[in-house]
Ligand SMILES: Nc1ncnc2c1ncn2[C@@H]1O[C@H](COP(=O)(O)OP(=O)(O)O)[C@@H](O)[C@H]1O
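Just one chain is shown here, as structure tokens, and it is the form predicted alone.
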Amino acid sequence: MEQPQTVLRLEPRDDFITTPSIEGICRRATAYLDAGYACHFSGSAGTGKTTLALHVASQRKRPVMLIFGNEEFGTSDLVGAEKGLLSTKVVDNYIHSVLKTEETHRSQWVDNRLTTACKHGYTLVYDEFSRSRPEANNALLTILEEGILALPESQCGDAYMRVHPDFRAIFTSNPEEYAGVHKTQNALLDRMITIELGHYDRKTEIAISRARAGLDNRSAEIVVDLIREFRKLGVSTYRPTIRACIMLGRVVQLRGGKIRAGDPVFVETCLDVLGSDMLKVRKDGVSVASEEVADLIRRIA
């Protein structure tokens, strides 16, 4: 059977870094999926939730359905809906002097991604699922617990569909206080196993920075140590993630700068990458952002 165009065949990324920390997370997630449970990666932006979800999904060697949470989602955006009409017309002119015609019109049902994944046993990756309204995700309750997908009665007369035994689901979400998300119903959270993600250890962040930003080991160490020290300053609510390390490394190299103390390109890029919140730090009404960054660079680089 021809697979829908929305199905993904994932291959492992060349720049995906495996360290003992990441391997441990992936091993736990895979074990939960193998046991038949949904896995949920929860963490703030930049902690690699989506990357880990897609990597774990690729290890299953099954087609993947990818869904992105959306405020406008309804149940039909996940399950499917009637779209258009299927019209059939029969013309009977067997007897030359008698013409018979018969027309039939019926609604045409189109499966959406959740139904397709359940039907064929694909791996569902539901990215930022808490951005969708809770009522839109209600269909997942019986899927994850009873292995049954409830369908609208008009869908060819079937009230439900048995979920394929190979179907598995991986969810990602930001913490509840993150802007633009909805509070997830406890009934859904109770049906999945949550792995909390935070900042990686120093060794992992250095390895990721080297691979994703193309840095040498010493430059990666400087960038990572700078970002990790900035997190400890407590000068704003902003806590840069590994994304900041990658941005900093890539941009400095692109601009022809050097990741070392005294390089103006490096200092300027640090100020920009660390964010506008940091620029609000003042002493006697004067911004001391550049001084804070310069001091960190002198101590680390």
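A residue's number is simply how far along the shown sequence it sits, counting from 1. From a predicted model like this one, the values you see are computed outputs, not experimental measurements.
Just so it is clear, the following notes concern the form predicted in complex with this ligand, a form of the same protein that is not shown.
Engineer: Work out which of the listed stretches, 163 to 171, 185 to 193, 207 to 215, 137 to 145, brings a heavy atom within 4.5 angstroms of this ligand in the model of the complex.
Structural biologist: Stretch with heavy atoms near the partner: 207 to 215.
Engineer: May I ask you to choose, among T30, T47, Q253, S58, the residue with a heavy atom within 4.5 Å of this ligand in the model of the complex?
Structural biologist: So the residue touching this ligand in the model of the complex, by this definition, is T47.
Engineer: Is every one of L10, F68 and V125 within 4.5 Å of this ligand in the model of the complex, counting heavy atoms?
Structural biologist: Zero of three within 4.5 Å in the model of the complex.
Engineer: Is T269 near this ligand? Define near as a heavy atom within 4.5 Å, in the model of the complex.
Structural biologist: Judged by the heavy-atom cut-off of 4.5 Å, T269 is well away from this ligand in the model of the complex.
Engineer: Report whether the minimum heavy atom distance between I246 and this ligand in the model of the complex is within 4.5 Å.
Structural biologist: It does: once this ligand is placed as it appears in the model of the complex, I246 has a heavy atom within 4.5 Å of it.
Engineer: Should V293 be counted as a contact of this ligand in the model of the complex, where contact means heavy atoms within 4.5 Å?
Structural biologist: Contact with this ligand, no.
Engineer: Contact between I17 and this ligand in the model of the complex at 4.5 Å, heavy atoms?
Structural biologist: Although this ligand is absent here, I17 would touch it in the model of the complex, with heavy atoms inside 4.5 Å.
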